[in-house]
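Take a look at this single chain, the form predicted on its own, given in structure tokens.
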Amino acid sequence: MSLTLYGAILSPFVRKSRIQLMEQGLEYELVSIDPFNQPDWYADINPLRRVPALKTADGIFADSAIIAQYLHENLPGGNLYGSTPAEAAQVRWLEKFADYELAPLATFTVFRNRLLNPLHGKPCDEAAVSDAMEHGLPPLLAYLEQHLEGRHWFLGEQFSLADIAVGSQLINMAHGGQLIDELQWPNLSSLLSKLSSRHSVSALLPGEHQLVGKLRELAAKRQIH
């Protein structure tokens, strides 16, 4: 089946889909979509103009969680939802937790302020970043840290979409210059390290780091001029 994924490689939601596609051994074409300068035709792909979107023989699907469920239920590859209904529910809960609780702080506050705002000539709101790091994120990270206690992954020994979803947000936070404190959050730090060493992730990160470096250079030049 021909698969086309639309999105920007630094989006944690696009990253989530790319990792899943690779974990399932599915080939796909990536069409780059700049979230801030989208072509007009992308509205026909996703009228909400969000990334990612996935074009398949069965139709076009948007939203990373919907894409994840489609890939899991309709295409071959590894099982990323556990082996029981309870585990599947737990995976979906943690995915939702990452997308709706972590993302507003890790990606839309830390990452956006530190990397995207300077690129677009906007000031970095360091007060917002500090508030996220000192007040917003700690209770969320504590919740996830507790879930990982004594476990290799969120489902124990089985790698799942929960690990991908949470890890994708932590990667964006790191792109924004905020690494997980391994002393305060040892389980999350270990999770991110193990996730980053998987081929499905390690194959993506060099390109991401290269792009982050280029964006920082562009932002610095704009500030000079």
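Nothing here was measured: the structure is a model prediction, and the numbers come from that model. Numbers follow the displayed sequence, beginning with 1.
Below: the form predicted in complex with a small molecule, not depicted.
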property: Options 145 to 153, 130 to 138, 79 to 87, 98 to 106; stretch whose heavy atom lies within 4.5 Å of the small molecule in the model of the complex; result: 98 to 106
property: 4.5 angstroms heavy atom contact with the small molecule in the model of the complex for residue 50; result: yes
property: Exercise: residue 177 in contact with the small molecule in the model of the complex, heavy atom 4.5 Å; result: no
property: 4.5 Å heavy atom contact, residue 64 and the small molecule in the model of the complex; result: yes
property: Residue contact check: residue 11 to the small molecule in the model of the complex, 4.5 Å heavy atom; result: yes
